[in-house]
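Shown here is one chain on its own, the form predicted on its own, set out as structure tokens.
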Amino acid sequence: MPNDVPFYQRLIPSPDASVLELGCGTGRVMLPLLPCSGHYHGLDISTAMLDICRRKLADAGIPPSQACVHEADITYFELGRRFDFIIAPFRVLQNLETDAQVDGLLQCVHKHLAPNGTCILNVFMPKRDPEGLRQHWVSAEEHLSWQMPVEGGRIACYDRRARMDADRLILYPELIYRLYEGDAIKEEAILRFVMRCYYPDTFEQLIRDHGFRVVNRWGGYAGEAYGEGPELVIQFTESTE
């Protein structure tokens, strides 16, 4: 996971600010940002992750007046209020596969961003240019990401890059989790997900084409120059044109 929490903490506009997090998950970003904000609202489509987030809020004694979460599609929602600060941490935008989903999320930002409020979206900076991705990304090989011992064996996670949409530069990686007893596989689970690739110019143009004005941009959470770090991070607001 990226060290993005201090980055977002610094950019919350005031201790009274209302914050909307798209794709809040289990509350990794929400919990440490709560003391910096006046009201925090989190959305996610995963019931299981929201259950964990709610338990964390309850265990921390956070009242609903300060923070609330609910299940929703972040590409199509209506909360009936506007927020001073909207975020979608850890590349949430990148998991949207279709143009309609991307358009939907950005239209929802329009509807929920307060006057003078800002939104921050981020994606990763590809390590290869588009042609390099097309030529080299797909691989039938599995690569060990990590493993750990457990009683009677070990758990290992492998990544596999079996497929991509070469025209739209959408990657379809898989994470394969295996439970071993000795050298034998006892259980296996495969997590498939989407990673849509953006480059510095195309990412910024996407934001501008949806009627927003870019106010800041970074190449990572340590302040790297845009296009020169591991991430593409853009802060934007409503266009005044």
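These figures come from a predicted structure and were not determined experimentally. Counting begins at 1, following the sequence as shown.
Just so it is clear, the following notes concern the form predicted together with a small molecule, a form of the same protein that is not shown.
Out of the listed residues S145, T98, Q107, N95, N95 is the one that sits within 4.5 Å of the small molecule in the predicted complex by at least one heavy atom. With the partner omitted here, the residue from I185, C68, I45, V215 that has a non-hydrogen atom within 4.5 angstroms of the small molecule in the predicted complex is I45. Here the chain stands alone, but in the predicted complex its contact with the small molecule, taken as any heavy atom within 4.5 Å, falls in 70-78 among 110-118, 70-78, 166-174, 132-140. The closest heavy atom approach of G219 to the small molecule in the predicted complex falls outside 4.5 Å.
Using a 4.5 Å cutoff between non-hydrogen atoms, C24 counts as a contact of the small molecule in the predicted complex. The small molecule is not shown here, but in the predicted complex it comes within 4.5 Å of a heavy atom of F90.
Taking non-hydrogen atoms only, R208 never approaches the small molecule to within 4.5 angstroms in the predicted complex.
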